[in-house]
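Coming up is one lone chain in structure tokens, specifically the form predicted on its own.
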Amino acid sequence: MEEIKHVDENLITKAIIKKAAEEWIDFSECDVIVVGAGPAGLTASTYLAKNGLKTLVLEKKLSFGGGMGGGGMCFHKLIIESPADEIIREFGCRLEMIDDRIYITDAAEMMAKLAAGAIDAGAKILFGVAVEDLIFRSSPLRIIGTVVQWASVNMSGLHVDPLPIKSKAVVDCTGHDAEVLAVASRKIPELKITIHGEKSMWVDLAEKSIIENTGEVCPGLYVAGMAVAALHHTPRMGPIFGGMILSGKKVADLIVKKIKTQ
């Protein structure tokens, strides 16, 4: 058996810091920042990157998937309805029909394949990074980036100044809490954003409302996924994810069209 090559500890440190710093510098300005690596965020970032936009995904947790991992009450299955199944098939997820136009899939498989799709398309996903503020300009009022901090620093309670990342568009895909929109509501009153929170469950209306209300909140700031329900006070839908997937695709299409026509 071939002898294992000696690895100097210093090489590990140098390689990690050098390569990570190079990518942070490269993505300090990009086309689109997607906040949240859940179903809507991963879908959006895949189609954004496929269309040639430099796409950065910021996720405060150390894993992707958002609400998918818990399945339905920790049962490891998720529901997808038509026509979202067509998108899921593009990612290579296996689906089993359980009723007319209703399919079931494995939560871990959907998480892994959506993430792999985003990465393979060219999106960069960074874990452990929280968005705590936005960069804005007036006349006209617009959002031109995010202000970020290590999530672990925020959890520690330490005061450490954050860093800005500039972009042409920011997408709030943070789910039920609409974290980016909440910051905008609190710190940029000129936007006149109010976070009402989601209503109780009504699956059909929830799925339709998420897709219909996905879009631009103000110049440079977009919303997709469950953050849409928090903003527009529409119902929740539970572990059925077709609306999330279609919302992610819709917001990507809107941003691609706008950026490529500017």
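Start at 1 and count along the sequence shown; that's the residue number. All of these numbers come straight from a predicted model, not from anything done at the bench.
Keep in mind that the form predicted in complex with a small molecule is not shown, yet the notes after this line are about it.
**Q** If we define contact as a non-hydrogen atom of the residue within 4.5 angstroms of the partner, is V131 a contact of the small molecule in the predicted bound form?
**A** Within the cut-off, so yes.
**Q** Give a yes or no for C173: in the predicted bound form, does one of its heavy atoms lie within 4.5 Å of a heavy atom belonging to the small molecule?
**A** Because a heavy atom of C173 falls inside 4.5 Å of the small molecule in the predicted bound form, the answer is yes.
**Q** Classify I240 as contacting or not contacting the small molecule in the predicted bound form by the rule of any non-hydrogen atom within 4.5 angstroms, answering yes or no.
**A** Yes.
**Q** Going by a heavy atom distance of 4.5 Å, is E179 a contact of the small molecule in the predicted bound form?
**A** Contact with the small molecule, yes.
**Q** Going by heavy atoms within 4.5 Å, which of 25 to 33, 212 to 220, 57 to 65, 189 to 197 lines up against the small molecule in the predicted bound form?
**A** Heavy atoms within 4.5 Å of the small molecule in the predicted bound form occur in 57 to 65.
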